[in-house]
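Take a look at this one chain, the form predicted on its own, written out in structure tokens.
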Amino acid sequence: MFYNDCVRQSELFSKTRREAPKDEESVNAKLLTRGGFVYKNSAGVYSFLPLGWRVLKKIADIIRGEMDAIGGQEMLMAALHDKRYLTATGRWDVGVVYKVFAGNEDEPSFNISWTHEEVIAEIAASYVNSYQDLPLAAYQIQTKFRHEPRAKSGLLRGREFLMKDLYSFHVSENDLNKYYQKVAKAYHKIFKRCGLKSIYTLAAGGEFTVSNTHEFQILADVGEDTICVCEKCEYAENKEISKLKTGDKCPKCGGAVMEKRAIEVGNIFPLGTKYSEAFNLRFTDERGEKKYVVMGSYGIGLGRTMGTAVEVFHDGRGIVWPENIAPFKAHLISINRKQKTEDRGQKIYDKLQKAGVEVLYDDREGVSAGEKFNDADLIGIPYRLVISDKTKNEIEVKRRDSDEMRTMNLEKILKLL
């Protein structure tokens, strides 16, 4: 990881807010704003402040690890696209496209990236010649721009957002299907490592492909999607395409089907040869025949994953981050009524830092214990460590998801963390 493991709260760029912003309705937007994770620039557009950026980078690290494990090669593609890319596939006039005028042009000749199927297909056409060059898989983590008419729900539906998009290239539909299932398993691992239980859901293709696709849904009452899911085997279909309804028997195992609200955090698309044909992406097979490359596309919204975690893991006091994506592992709080307590806090902070423990140190002066505890609950770091006159030579330890408090020495705490 390439960020500081330890930060003093007195030096933190952002500050907590007592009141939720009046123009936000969703829990994730309210808590992330109040906790100093994000700043809303306009509807559907957020800046990620240092705390929020740490969370996003944790999610990105998890994604990179699992994408690399299935043969994905990371790259970064251009965000400014010539009009010819989308016109080649008939997607220039799709409603979500942000079009850009160059100089004094009367008509827009570029767009800013909303997806990259066209761009990656043209790039691949320069390097794929033979069946021996396949399969291939490449991914990026990049900002996407979509003119979302319903920009709401905080990070769950934005106009500018960070996305991981993976693209795969194959000699056949059969080879694509094998990799498709490999990606599905990797996605389940990613969301599990982020603390989220994902449900593999049959869905429509939309603007990407005419065939059915799959979504990864997280059950949540605030979700915009409704899925028909088996309570026994968790086979699921998006209600938009499903003929199932509550009370029906699951077509896979016979279990009871229920309709539930959910948030889509990822999707995978079998693209076929649509984009290969548009950009002449072909390979020569073993018999010397030219064939179009079969493609797949696979997306995960990083900000949406972050927002979903907040929607799922919070209480009346604030966020309760899953450990793997929390901005820090521990929140050290010094109740410094005496100079010796402050000095001891500095020594513990130094030792935690030396041991490689990610820690946010609340060293703020003139702030009451109650305010510090409230801020700690709002920010939601997994472990709270408190030193005060009362704790003497030990440290009070409390998990964010528990009301139990224990006291222990630093050596035990280092083992715990």
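A residue's number is simply how far along the shown sequence it sits, counting from 1. If you're wondering where the values come from, they're calculated on a predicted model, not measured in any experiment.
What follows is about the form predicted in complex with a small molecule, which we do not show.
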property: Proximity to the small molecule in the model of the complex (heavy atom, within 4.5 Å), stretch among 321-329, 246-254, 152-160, 274-282; result: 152-160
property: Heavy atom of R304 within 4.5 Å of the small molecule in the model of the complex; result: yes
property: Partner contact for G299 in the model of the complex: the small molecule, 4.5 angstroms, heavy atom; result: yes
property: Any non-hydrogen atom of V265 within 4.5 angstroms of the small molecule in the model of the complex; result: yes
property: Any non-hydrogen atom of F269 within 4.5 angstroms of the small molecule in the model of the complex; result: yes
property: Listed residue (H314, R146, R193, R344) with a non-hydrogen atom within 4.5 angstroms of the small molecule in the model of the complex; result: R146
